[in-house]
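Just the one chain here, laid out as structure tokens, in the form predicted on its own.
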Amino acid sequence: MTVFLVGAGPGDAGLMTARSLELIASADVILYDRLIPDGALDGARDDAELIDVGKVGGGAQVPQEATNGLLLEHGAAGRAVVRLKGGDPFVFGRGGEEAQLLRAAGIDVEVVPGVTAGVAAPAYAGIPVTQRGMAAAVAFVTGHEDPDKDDSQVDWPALAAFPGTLVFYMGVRKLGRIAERLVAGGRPPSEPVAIVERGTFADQRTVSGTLADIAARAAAAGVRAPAITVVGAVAALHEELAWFAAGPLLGLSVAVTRARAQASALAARLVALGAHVVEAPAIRIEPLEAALPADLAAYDLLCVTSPNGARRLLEVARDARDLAGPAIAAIGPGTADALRAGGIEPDVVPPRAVAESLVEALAERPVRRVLIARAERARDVLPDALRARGAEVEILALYRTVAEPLSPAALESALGADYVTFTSASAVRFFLEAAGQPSEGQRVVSIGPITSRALRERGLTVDVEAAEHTPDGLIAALLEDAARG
């Protein structure tokens, strides 16, 4: 039995390691901290137990003793346990303490390092923590301790005399006393300082100053944790080397209600644009037992009605050759792309991702026998239209859409977002059954007319509808709406 102490990196999901993603995907239990990247748990199994053991500075706390108890309980039970920590587990992450505890209980430990915020946050602010001719050494220091404590583990005079860059973690509330102690120890008041708030997150910002004025500047700017403070000559390089720009959705929160497996790509795009993403997956895709007809080659046409259907179809087929024979039609660009990912180039792709558009695209195409690969429950626009033309139509149900239970915290966060997005009628139905009406002032975003119809049938106003009925189209419409203010 092994417990994996895994570093999730500083906030940008792109900095997570391949090993961390592999372990998340295979874990039975994941105990995760607050400061992990948005979407870090998207790859977890549907049946994995996800336990929030995060700590908020000055706020709600999960006692370390409670976390220890959970590690021992699940580790001793022989389950695959991932302890997922922001940054690196062995850099101010209490990973060493947890490893000692587990070893003492006879439980094996594997450590997966992560990119630590003390390096990543300055880098995203254009600050190299070492620089030839400026800093040949760097010291990482906890700023959590009170500099005036008699029993402090930090040797402040020695730290002030350290010939290099100082990087402080968790020191925002004690910044004034930290600066005073460093100046008292011999560092010049004019020495450059930079505070990087929420480093590598989309809403990262940097406040610059000197030891003499950084505390006042930080207070005036309302800097809050998490933040990294860099002291030394290299901090002045921020103005010259800064490269990480805030996105156009900075300051806005967006709730994503689509299935967890499909939400990650949409969430990642929104995060890259500066949004704070609230993942509230209202639906889950449940595969059905299905098999391709033995005489598939006898069909004139195989219609695939959604990206989920395309992915499931490719799972049912042993390989692309099993789909040889009929012409293949895909409802919309997203479905076509999902087929192409499996090596299938569709013959018919209408411009809009709705059944009506595919009916129009097939108007001049002679068809006698048609197989439609779709969800268990779906609109009958396409089969009805083809039957009206005299075609023999069969349905291959590949999956069903079921409700995904949402925690009270997830619902509260989703209802507090500036925007709530819907990418299917089923997401509308299940989200509203769980949450009721969206909050007053919250803007409702729809991926297209079918989803919009489902929203209006429930008495909601659709504030934004994508012109292109794809996740990219939804994002484009949201950006246009946000730009109008």
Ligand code: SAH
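One-based numbering along the sequence shown. Computed from a predicted structure; not experimentally measured.
Below, we turn to the form predicted in complex with ligand SAH, even though it does not appear here.
Trainee: Within 4.5 angstroms, counting heavy atoms, which one of the listed stretches 405-413, 109-117, 240-248, 327-335 is next to ligand SAH in the predicted bound form?
Mentor: Heavy atoms within 4.5 Å of ligand SAH in the predicted bound form occur in 109-117.
Trainee: Every residue in A48, G75 and V82 with a non-hydrogen atom within 4.5 Å of ligand SAH in the predicted bound form?
Mentor: Result no, not one residue of the spot touches ligand SAH.
Trainee: Give a yes or no for R181: in the predicted bound form, does one of its heavy atoms lie within 4.5 Å of a heavy atom belonging to ligand SAH?
Mentor: Result no; R181 lies far from ligand SAH in the predicted bound form.
Trainee: Taking heavy atoms only, is M170 within 4.5 angstroms of ligand SAH in the predicted bound form?
Mentor: Because a heavy atom of M170 falls inside 4.5 Å of ligand SAH in the predicted bound form, the answer is yes.
Trainee: Classify V91 as contacting or not contacting ligand SAH in the predicted bound form by the rule of any non-hydrogen atom within 4.5 angstroms, answering yes or no.
Mentor: Yes, contact at 4.5 Å.
Trainee: In the predicted bound form, does R198 come within 4.5 Å of ligand SAH, counting heavy atoms only?
Mentor: Within the cut-off, so yes.
Trainee: Give me the residue from V304, A282, A121, A235 that has a heavy atom within 4.5 Å of ligand SAH in the predicted bound form.
Mentor: Contact residue from the list: A121.
Trainee: Within 4.5 Å, heavy atoms only, which of P346, G274, P350, P226 is in contact with ligand SAH in the predicted bound form?
Mentor: Answer to the contact question: P226.
Trainee: Any residue of 1-21 with a heavy atom within 4.5 Å of ligand SAH in the predicted bound form counts; write them all down in order.
Mentor: Residue within 4.5 Å: P10, and no other.
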